[in-house]
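Okay, so we've got the same protein chain twice, two forms, each given alone as structure tokens, structure 1 and structure 2.
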Structure 1
Amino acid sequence: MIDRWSVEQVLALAPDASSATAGRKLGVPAPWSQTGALDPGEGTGGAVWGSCKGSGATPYQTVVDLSGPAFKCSCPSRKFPCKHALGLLLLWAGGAVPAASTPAPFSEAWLASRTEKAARPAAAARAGGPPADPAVAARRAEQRTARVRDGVEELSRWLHDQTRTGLAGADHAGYRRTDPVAARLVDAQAGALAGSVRRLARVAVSGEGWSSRLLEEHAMLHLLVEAHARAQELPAPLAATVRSRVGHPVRTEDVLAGTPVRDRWNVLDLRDHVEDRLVTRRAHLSGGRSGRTAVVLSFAPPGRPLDASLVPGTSVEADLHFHPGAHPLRAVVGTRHGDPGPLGAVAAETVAAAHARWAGALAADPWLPELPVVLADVVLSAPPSAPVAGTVPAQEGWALVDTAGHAVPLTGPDGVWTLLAVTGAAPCAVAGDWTPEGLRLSAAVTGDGLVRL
């Protein structure tokens, strides 16, 4: 049984902000007719459909298969899902779509084809095309390795030169300083490294204290190129970490071939981040039985659908396959065992334990930018300098304190007020990302379920 989704859950599907806005406008009964919703049952994962009156004479016919979810709409939009699908789901989320026992005629054929596809054994789909000529593939891999090596060497020289001649003035140089070397790294197929170099320019203009932060980034890149040059000498997991941070691709098939970790995975956060014309969706998972932390990433160009199968506040029994590395964190979802259910018990730790885990993670993977954590029984602490009694400023200086009196600073005020509203400053488990600057809030794990911050 799939419960009606929440509005937030529907809006999480929107490929961009303008789609979300357009979808909201259509999330009212006025333009809709012939709407219906089918509960999941034999051979179907549940569906919603409706016909939406647009500017033209013929209404658009919209169908959503809730199990994917998958979308079909007769509109010409290239957004996916389109605003009609979002509007229809919002309408349904608001309880304004009547339940039906059979799909409307216009939705029947497509839903049937979906069901059929789902029933087909997964193995057949996975077989894929014939394997490429191994000799050609090996030669290609070799060429690529050589190109990356050249690119990394060039970066190493650039870092050396920058430090030799001085970083002063980098805060005024903008992207001029970094763009040429970033472009060469893209040519050298070291994409991740190119992204790191472009970030240097942003760090240089980040204001007060920029020189300290820029040296940190330079030094960590230096550490990476040094490690890459010696990848052969490193233990295999660390070598894998180094290669992935440089930008060597990891094939999903290879990851899926690794040993799975089966658990009841609680989905604690789902966040989209846009960079370089690519949307990255990051899910924070926590194993109900193992207490293990995992991060699942999906990517799409703006305007294309992202994986919406992991819903914050739910849990799913599934096999997770971790990317190889010295501190395995990123994972791919393999086989799912059954439908998602409510959030299970979430493993939480003290501030001291999270500190220790973060230190341990950095010891294994010093380039780790953030570590998802769940802190147990923490309470917010207001910035120490409240100017007027009884009022609390909304700016920097917030912290979380656990029952042992250990406090961790927050990176900013985002989520603070919702957390206060939900907990009333009573101790509560809080999920977030541990970063070098402090904790970034993502959700409160309350007795009534997950509340996103």
Structure 2
Amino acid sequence: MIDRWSVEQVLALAPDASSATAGRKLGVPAPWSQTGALDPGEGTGGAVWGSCKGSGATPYQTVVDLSGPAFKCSCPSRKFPCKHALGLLLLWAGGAVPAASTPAPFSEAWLASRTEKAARPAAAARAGGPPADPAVAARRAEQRTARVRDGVEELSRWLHDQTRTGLAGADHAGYRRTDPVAARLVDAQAGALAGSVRRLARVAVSGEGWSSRLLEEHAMLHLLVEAHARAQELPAPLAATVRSRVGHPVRTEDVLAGTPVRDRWNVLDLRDHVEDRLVTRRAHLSGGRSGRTAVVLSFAPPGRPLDASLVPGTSVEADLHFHPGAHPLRAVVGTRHGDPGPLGAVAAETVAAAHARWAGALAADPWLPELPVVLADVVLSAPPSAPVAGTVPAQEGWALVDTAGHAVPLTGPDGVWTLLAVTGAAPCAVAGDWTPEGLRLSAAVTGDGLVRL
């Protein structure tokens, strides 16, 4: 029997806040009929279905494959999952969906196709696909390498020009200064490097002290360009890091061919980021036995479905395969050993240990923008000027302090009030991303489970 999800787990799937609100409104029995829930069994990973009365004469038919999860609804919404799927899952989470022994007729065909699709890769692997022409593959790889090299060399010349002419006025230039360079890097198939160049425009308008921060960003880009030119001389893990920071792709098949790390992986955070007409979903995982940290990324154009199989507040026994690099952090989920379950024991560390780990990570990968961490037994420390009852607190200066008295500043007030509300200022484990500016809150691990901040 599959464990019912929590409300928090369901709402974590919402593509935006308005969908979560609309889903909550539909998470009541009134608009639903023909509902049912099927436990995992022969050929199925568990499913929930139902018909939801909408504004038209015909109810919307909604089906959720819990093993993905994957969603199907007859409504015209382009959001994924739609409010009906969220409402149905909330209804199921509340125990208002009856168990069934067979799927409803309107859900049978789709669930059967899901089962068939899941079995297809294994069958294909057993049969063995046609081998790619190695000569053609090698020629394409050489062409791409040459294009990337040309793009990096052009960026090097641009950086030298910027240094020679100075950065004055960059805070008023907007994206006109960086967009042409970034576009040429995209053409050169150095997408990661293009993103770094676009960030320069945002740094230039980041407020007081922008010139120092912009100079630092230019220096890091120069370091990356020089490292890429000498990649053949670098140790293999560092060379792999440099290539990934520039944008050289790594085939998922090659990553999956590496040695897996099996563990009970707790899913602590899931966030979407939209940039350049691409949505990036980032999941923070922590190994229950190994204490190892992993980041799983998935990508899709806006409006298209992303991988929703990793739900915050759950854990899954699985093999993770890490991308090569000097500080392996990004991973691909390989074989899953069983269904997801509730959150397990979460490995946490002191502020000093996390700081030391951040230093070590930067020594290995100087371009690392953030490091997921879980801090043990920390409490909020308010800004000096706030807060007392009835006053408006300061928006900056918050920090987390552990039992040893070591503190880490927060990057901003986001999540502070939720953390105060759920902990009552009592010590608890807090997950977040350690960045050069401080810690960005993502979740609190309390006795009642995971609370996203």
Partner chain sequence: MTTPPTTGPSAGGAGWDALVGAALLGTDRRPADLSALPAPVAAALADVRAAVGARDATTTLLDAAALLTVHRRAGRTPLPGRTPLTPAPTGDDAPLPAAAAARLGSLLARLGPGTPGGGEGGRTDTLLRTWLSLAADAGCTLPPPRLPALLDLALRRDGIAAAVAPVLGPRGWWLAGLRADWAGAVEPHRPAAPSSPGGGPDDAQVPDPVWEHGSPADRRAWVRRLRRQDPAAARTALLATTWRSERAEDRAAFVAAVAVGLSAQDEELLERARADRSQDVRRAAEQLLARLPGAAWTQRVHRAALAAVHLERHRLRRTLVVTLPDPTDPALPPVSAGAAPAGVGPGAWALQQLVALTPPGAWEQALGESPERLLALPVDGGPGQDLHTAWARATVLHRDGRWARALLDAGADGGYATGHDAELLAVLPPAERVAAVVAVVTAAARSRRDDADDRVVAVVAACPGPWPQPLADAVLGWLTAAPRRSRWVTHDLLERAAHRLPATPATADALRVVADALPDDTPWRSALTDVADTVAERHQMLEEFR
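Since the model is a prediction, treat every value here as computed from it, not as a measurement. For residue numbers, the reference is structure 1: its sequence is counted from 1. Throughout, rigid core stands for the largest set of C-alpha atoms superposing within 1.5 Å between the two forms.
Of the two forms shown, structure 2 is the one predicted on its own, while structure 1 is not. After superposition on the rigid core, the Cα of Gly412 moves by less than 2 Å between structures 1 and 2.
Relative to the superposed rigid core, Ser33 undergoes a CA displacement of at least 2 Å between structures 1 and 2. With a cut-off of 2 Å and the rigid core superposed, Gly313 has a Cα displacement that falls short of the cut-off between structures 1 and 2. Taking the core as the fixed frame between structures 1 and 2, we note the C-alpha of Leu13 moving 3.4 angstrom. Core-aligned Cα shift between structures 1 and 2 at Leu91: this is 4.5 Å.
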